[in-house]
Ligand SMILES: Cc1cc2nc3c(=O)[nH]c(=O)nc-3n(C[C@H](O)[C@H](O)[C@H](O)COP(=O)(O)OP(=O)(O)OC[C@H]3O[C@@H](n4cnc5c(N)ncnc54)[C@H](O)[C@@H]3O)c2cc1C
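A single chain, nothing else alongside it, follows as structure tokens in the form predicted alone.
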Amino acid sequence: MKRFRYARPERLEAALRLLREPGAKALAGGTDLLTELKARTQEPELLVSVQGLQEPGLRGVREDERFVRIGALTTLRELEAHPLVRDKLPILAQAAQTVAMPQIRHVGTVGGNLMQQVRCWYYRHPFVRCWLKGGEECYAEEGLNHRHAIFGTSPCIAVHPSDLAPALIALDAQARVVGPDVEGELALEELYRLPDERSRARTVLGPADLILEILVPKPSEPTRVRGVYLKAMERATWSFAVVSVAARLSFEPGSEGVRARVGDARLVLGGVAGKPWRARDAEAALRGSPLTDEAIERAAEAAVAGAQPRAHNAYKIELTRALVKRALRSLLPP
């Protein structure tokens, strides 16, 4: 591990000032970043711990008239166990419960989970300079790619690893950000981007920008909204998603003898692209229709339309299709 300086400011202004220094990096729970330091895939000059910040809204879960507000330093364990989250945002509680093992969830933070780096074995190898680390090529394109992307066009085909991100995007969440490059609230979906030749960054945030809080809109008619988060893994614990699905549907009440129809629909996939992947064609296939077997089949086919598998990951197409069907069937109105 390379030597670095360490700072633990108490005021947000001081943290932002320190993060503007060349080679500075923010540190929250550290469950991802510290592994990168040990492997030398990240070699910052300065680590700025945000755990000491005395900033309102950074920790805990609370609600106001419009939002459930989640501090970026809230741990995953707090999130999954919080009664407000379990009652009003069950998709998010389900997603948090699937992250790693309890020891990690007691330390890892919401903000850290949203901002973690890819788990591609080429990126994580200390002696491989892949494209994402400034090299000339993505070795996964012609190498071992059974865990890699089937959607999206990018010189890097590593998939986005967060479990919380698909769930929060399905819930139309926003991030409250402060910093020199991004300031204010933006839709969480807009936080992520596919790396390209103009920028190898995987988010729109600059190096000195910080997520302070996640804002999740409260449904106006919660009894008509149903949602679920499902995750397929290679192992039952301590594993990242091979494919995940966050689904949220609202239903319009049906008259006597007429089945309820889907009003709004959100279907967000994880483990299949370099960012959380919104299956918009599948959403469109569901809107305005009763949630019949035929509608579910149409949505599942639409969810995998346009997939471009590599040599070793074509199985993800069928797995995605099956997981979408399972998710939607679990949302059938009683």
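Everything numeric in this text was worked out from a predicted model, so none of it was measured. Counting begins at 1, following the sequence as shown.
Below, we turn to the form predicted together with this ligand, even though it does not appear here.
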{"query": "Interface residue in the model of the complex among 154, 145, 174, 116, criterion: non-hydrogen atom within 4.5 angstroms of this ligand", "finding": "116"}
{"query": "Contacting member of 260, 138, 104, 194, with respect to this ligand in the model of the complex [4.5 Å, heavy atom]", "finding": "104"}
{"query": "Per-stretch contact check against this ligand in the model of the complex, the hit in 219-227, 181-189, 129-137, 68-76 (non-hydrogen atom, 4.5 angstroms)", "finding": "68-76"}
{"query": "Heavy atom distance at most 4.5 Å to this ligand in the model of the complex, all of 28, 31 and 163", "finding": "yes"}
{"query": "Contact label in the model of the complex: residue 232 to this ligand, heavy atom within 4.5 Å", "finding": "no"}
{"query": "Heavy atom of residue 244 within 4.5 Å of this ligand in the model of the complex", "finding": "no"}
{"query": "Partner contact for residue 240 in the model of the complex: this ligand, 4.5 angstroms, heavy atom", "finding": "yes"}
{"query": "Any non-hydrogen atom of residue 98 within 4.5 angstroms of this ligand in the model of the complex", "finding": "yes"}
{"query": "Within 4.5 Å of this ligand in the model of the complex: residues from 208-235 (heavy atom criterion)", "finding": "209, 210, 211, 231"}
